[in-house]
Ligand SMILES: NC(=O)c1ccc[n+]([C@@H]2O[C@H](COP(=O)([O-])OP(=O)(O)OC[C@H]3O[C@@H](n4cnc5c(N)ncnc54)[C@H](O)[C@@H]3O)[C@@H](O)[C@H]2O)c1
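Just one chain follows, in the form predicted on its own, and it is written as C-alpha cells.
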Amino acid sequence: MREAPMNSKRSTTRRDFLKCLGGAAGAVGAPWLVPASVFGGDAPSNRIHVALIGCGNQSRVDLPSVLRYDDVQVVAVCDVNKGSYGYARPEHFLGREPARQKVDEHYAKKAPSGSFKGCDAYVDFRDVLARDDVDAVMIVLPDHWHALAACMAMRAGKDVYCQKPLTRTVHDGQEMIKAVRAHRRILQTGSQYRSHGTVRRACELVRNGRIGKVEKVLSIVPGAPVGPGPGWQPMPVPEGFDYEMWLGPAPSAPYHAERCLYRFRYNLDYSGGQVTNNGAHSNDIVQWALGTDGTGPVEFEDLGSVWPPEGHLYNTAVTTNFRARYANGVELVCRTQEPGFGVRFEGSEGWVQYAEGKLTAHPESLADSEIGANEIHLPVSPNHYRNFFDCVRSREEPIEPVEVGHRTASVCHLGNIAMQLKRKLRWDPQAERFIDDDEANRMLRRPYREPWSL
C-alpha cells in the first residue's frame, strides 16, 4: 500500500475507531521489512516501528533524527498535504510524499539492491493507528491536534513523541495525562532543550544556589507577524490538500494560505502564538531550573502585550509581555525582546543566562563552578529522540514526561489568558483553576467541532 485515499467524511466516534483497530490492520497488509543487512546487527524483530504523523516544518528535524537510528524503522508517514511549498521557508517542499520519498531514499542507500519502497503514506492518521505493526508515533501536527491524536494513539497501544507545545489548552493536557496513565504508554514532550548539556548546566547552577536566592527570571520570546489585515479574502483550497481534515476539531473557517502550514501558530483557533511556540522552550527551562515541574506560578498579569487589530487573520499577541509569580515569591517575566530566545535567572548573589546557545554568568566564575557529588544533578539525556526510544524499550519515564510537558504548556496558556483579559489572575496550581474568575476558567478549554471528541 502506498497511499490511502482521502476520506475526510469518515466517522470519528470511539466505537468506529475501535472497529477500525480490530479489522483495518489486515487491509493494510504486512509491513515491507528491510533486509537485516540494512540495519547491521538490529534484526527486524528488534526494531521499533515508527510512523511520522505530520510532515510539515518540524519534520525537517524530526524525520532525519529518527532515521539515524538502526534500531528504528520508519514504516509510515501521514499528512493532509500531499506536497507543496509555503512552509516557514519558501524553498522548503514538504508534505507526505516528500517525506515518504526521503524515507525510501534513506533506506535504499543501505539496501544491497540500492532500492527500497517500504514506507506507506497516509492522509488520515487513524489509518496509521489501525496498523498493528506500528509501535510508536511522532506527532508533528498543529497544536490543536496534539491532544486528540495523542490520546487516540495511546488508546491504540502506541507510544508517543509529541511536539511542543504539548497542548492547545490546559484541559487538553489533563486529558493527555489520564490517557498516558490509563493505557501505560510512554510519552515524550518534544522540548529538546531538556536534552541540551548547556541548558542542564545552567539549571543545575540555579538549583544548587550558585546565584543565591532566585528573585527574578526573564523568559524571552520573539515577536510575531501581524498577517493579513481586515478585508482578507478566502482562497481556493489547493489540490492535494485535505483542508477539512486539517481543521479537524477546530472551528469551521474559510481557507487561506496564511491560516495553515507553518503559520497556524498565529491563530488562536490552532495555537498560542510565540508564547506557546518559543515560550514552550524558554518557559520549560524556567520550570526545570526552579524545580517546579509538578506545579507552576500562582499569579499572572499582563504587562502591556500588543495584539493585532480586530479583523486580522492572525490574532495571537504580536508582542508578548506578562508577569507570573510563584508561591515562593520568584517573579517570572515573559516578554518579546532581543535576541528573541533565551532565559536569564537573577539572584541575590549573581545571575546566569542561557541565550543563543551559550551560558554566561556574573560573576564569571559561576559558569565554571563545579557541582559536587552530594549536590543536585539533573537527569542526563544526550539526545531527546534517543531518550524516547530507549524509554520505549525500558518502559522508564522519558526526560520530559506528560506531566512536565503539561505544566510548561500551562504556564504559556495562562500567560496568554492574562494578556487577553488584561487583568491580574490568581491561579491554584493544585486544583488547576483560576480563583474566583469564571470567565478565565472558561478559557481553560475549547470545544471540539463535531464529530471530533476527546
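In this text, residue numbers run from 1 along the sequence as written. Just so we're clear, the structure is a prediction, and the values are computed from it rather than from any experiment.
In what follows, reference is made to the form predicted in complex with the named molecule, a form of this protein that is not presented.
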**Prompt:** Of the residues R100, R131, R194, H146, which one places a heavy atom within 4.5 Å of the named molecule in the model of the complex?
**Reply:** H146
**Request:** Could you spot which one of Q73, S282, T316, N81 gets a heavy atom to within 4.5 Å of the named molecule in the model of the complex?
**Result:** N81
**Message:** Residue-level contact is defined here as any heavy atom of the residue lying within 4.5 Å of the named molecule in the model of the complex; does R210 satisfy this criterion?
**Reply:** no
**Asked** Do Y87 and the named molecule share at least one heavy atom pair within 4.5 Å in the model of the complex?
**Response** yes
**Prompt:** N277 near the named molecule in the model of the complex, any heavy atom under 4.5 Å?
**Reply:** yes
**Request:** Give a yes or no for C55: in the model of the complex, does one of its heavy atoms lie within 4.5 Å of a heavy atom belonging to the named molecule?
**Result:** yes
**Fill in**
TL;DR on 171-179, 221-229, 304-312, 157-165: the one with heavy atoms within 4.5 Å of the named molecule in the model of the complex is 157-165
**Request:** Check each residue of 108-146 against the named molecule in the model of the complex and list those with a heavy atom within 4.5 Å, in sequence order.
**Result:** V123, F125, V140, L141, P142, D143, W145, H146
